[in-house]
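Just the one chain here, the form predicted on its own, laid out as structure tokens.
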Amino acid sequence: MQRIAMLGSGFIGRFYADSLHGQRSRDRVVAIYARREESARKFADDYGCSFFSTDMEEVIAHADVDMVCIALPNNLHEAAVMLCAKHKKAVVCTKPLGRNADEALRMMQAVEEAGIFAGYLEDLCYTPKFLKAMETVKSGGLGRILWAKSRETHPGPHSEWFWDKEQAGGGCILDLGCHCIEIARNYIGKEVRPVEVMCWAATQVKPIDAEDHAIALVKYENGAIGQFEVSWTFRGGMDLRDEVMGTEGTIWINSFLRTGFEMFTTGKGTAYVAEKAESATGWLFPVGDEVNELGYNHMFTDMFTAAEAGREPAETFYDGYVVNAVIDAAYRSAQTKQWEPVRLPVWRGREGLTQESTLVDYDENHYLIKEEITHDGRHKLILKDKATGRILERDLI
């Protein structure tokens, strides 16, 4: 059993608590910190917490607490992690780990020096569809991964602090891009170094200082490309999609908006439909079990099982740090309009990778470009002569 202190009583803290109390059942949120006493008291009443306080250190240091779950605005993550390190409390932290890579690196180093368990709560790397897709990728079912694209778009976050650039550290790139970058890293291989980023970002709709829409390419050392599309301007709900392309196959995932559950209603008697749904009338796309479909159940099961087994979870503070470094490069690129290097003073993956050859031998004298059956029934080959470079077409009988 894990006895958890929840830091933050807002939207994500409640989502986490729903999962914590529902999945393994034996884990309990026993203490809650919130900046406002009425919020802390309400959360404690709703989830049966024995202790609540507006003093963060008092909650973290409480004798009944085994693990701390950080569900706070981005600008408070570092202070919370440092208190966990001070009091030797295991910690799991919501995404993004920091507002930038410098913050994330300090947090990672603090928990490692303190010798405490630390997990990065990247829920979209634990969704059932993602986990199934990763089984195929790891087994070689898609061959060598060439391109991994992830998209998260919706009308914007729930709490006011997200819209404040100083508290949040950025806009939709930091809020949503962190998901997409880590999804692509998993598909391409976390041991493969991200080397540079090209990013477009703009404030198209919202009256804020940060960006509300962005698209970026992340180049990896082995030649693979990660791509993210993120927006706080998308209308129609929350759209979560991944595409993975390899030399031997392709995977498409639609994780949320169109999942096979469709419903029409005039609105009578309806209320909550799904996270960031914009309407409760007409054709709707509900989600059967949000905490499960969004990965929270599998995420916390991995975190707690890893802590109890003395191993690292699938998503660590190191992963959060790498993601922050990629995001930093994206922000620089959005300003310079050029490819910007990913600065990783601490890198624990493979070194010196090069792009693998794409040449496939057909026979001693030719490379195979393509093999197909045409609409008129021919079995056709397209070849390249190794000596001359000439492209040839050949029909097989």
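Quick caveat, the model's predicted, so the values are computed rather than measured. The first residue of the sequence shown is number 1, and the count goes up from there.
The form predicted in complex with a further copy of the same chain exists for this protein as well; it is not shown, and the discussion that follows is about that form.
Novice: If you check in the model of the complex, do S159, Q227 and G288 all have a non-hydrogen atom within 4.5 Å of a further copy of the same chain?
Specialist: Yes, each of S159, Q227 and G288 comes within 4.5 Å of a further copy of the same chain in the model of the complex.
Novice: Indicate whether R26 is a 4.5 Å heavy atom neighbour of a further copy of the same chain in the model of the complex.
Specialist: Although a further copy of the same chain is absent here, R26 would touch it in the model of the complex, with heavy atoms inside 4.5 Å.
Novice: Is R106 close enough to a further copy of the same chain in the model of the complex to count, meaning some heavy atom within 4.5 Å?
Specialist: Contact with a further copy of the same chain, no.
Novice: Just checking whether W339 would be counted as a contact of a further copy of the same chain in the model of the complex - the rule being heavy atoms within 4.5 angstroms.
Specialist: Residue-level check for W339: yes, a contact with a further copy of the same chain.
Novice: In the model of the complex, does G189 have a heavy atom within 4.5 Å of a further copy of the same chain?
Specialist: Judged by the heavy-atom cut-off of 4.5 Å, G189 is well away from a further copy of the same chain in the model of the complex.
Novice: Of A306, I253, M82, L76, which one comes within 4.5 Å of a further copy of the same chain in the model of the complex, counting heavy atoms only?
Specialist: Result of the distance check: I253.
Novice: So which of E112, E312, D102, D209 reaches within 4.5 angstroms of a further copy of the same chain in the model of the complex, heavy atom to heavy atom?
Specialist: Selected option: D209.
Novice: So which stretch, 259-267, 113-121, 320-328, 178-186, is the one near a further copy of the same chain in the model of the complex (non-hydrogen atoms, 4.5 Å)?
Specialist: Careful reading of the contacts points to 259-267.
Novice: Using a 4.5 Å cut-off on heavy atoms, what residues in 305-319 are near a further copy of the same chain in the model of the complex?
Specialist: If the 4.5 Å heavy-atom criterion is applied to a further copy of the same chain in the model of the complex, 305-319 yields nothing.
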